[in-house]
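Only one chain is included here, represented as structure tokens and corresponding to the form predicted on its own.
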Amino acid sequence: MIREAKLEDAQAIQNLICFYSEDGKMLFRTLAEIEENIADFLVYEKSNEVIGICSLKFGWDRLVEIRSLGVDPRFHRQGIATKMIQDSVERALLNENCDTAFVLTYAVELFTKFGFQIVDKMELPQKVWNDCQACLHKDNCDETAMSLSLLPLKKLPLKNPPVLKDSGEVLYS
């Protein structure tokens, strides 16, 4: 089940971030940084254990960044990352101050299923590059920048928020 993170999830979140940041697949975050920004995190919980994480960073030029997406390797290929992306996009759709979701990723095929398209990194806001200064690959970034316009989805006349399926298809909830 996906839920908003609580302060007591901070150590489990950091454990997954550390796992992925060791080889440069994710930006390292201190426990204090995670605790300060716990409201930005979502967790996937199974049997009272945090097995998936994702952070949503709102606020730059009507953009939201999907970041720190990771799943415990014991649970890979079970659709958890897909569900976390779907939930993240649905949350972004509910935010009136957000028109576009973006990500820097190695999982291009996964985000393509949701309609994300590859964009030039230079299109991303300067604020993002502040985070990049702490990255192992800052001088030779090999991540792919992708974005998804939320405006077409927001214009749908729905009583309930849309549900995005991993095919990119929009279903009514």
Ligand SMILES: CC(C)(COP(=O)(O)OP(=O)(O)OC[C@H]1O[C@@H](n2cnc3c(N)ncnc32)[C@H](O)[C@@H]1OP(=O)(O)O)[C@@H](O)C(=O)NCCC(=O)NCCS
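All values reported here derive from a predicted model rather than from experimental measurement. Note that residue numbering begins at 1 and tracks the sequence as displayed.
One more form of this protein should be noted, the form predicted together with the named molecule, which is absent from this view; the next part is about it.
- The stretch in contact with the named molecule in the predicted bound form, judged by heavy atoms within 4.5 Å, is 100-108, chosen from 56-64, 100-108, 31-39, 115-123.
- The closest heavy atom approach of residue 26 to the named molecule in the predicted bound form falls within 4.5 Å.
- Residue contact check for residue 92: none of its heavy atoms lie within 4.5 Å of the named molecule in the predicted bound form.
- None of the heavy atoms of residue 148 is located within 4.5 Å of the named molecule in the predicted bound form.
- For the stretch 53-72, the set of residues having any non-hydrogen atom within 4.5 angstroms of the named molecule in the predicted bound form comprises 69, 70, 71, in sequence order.
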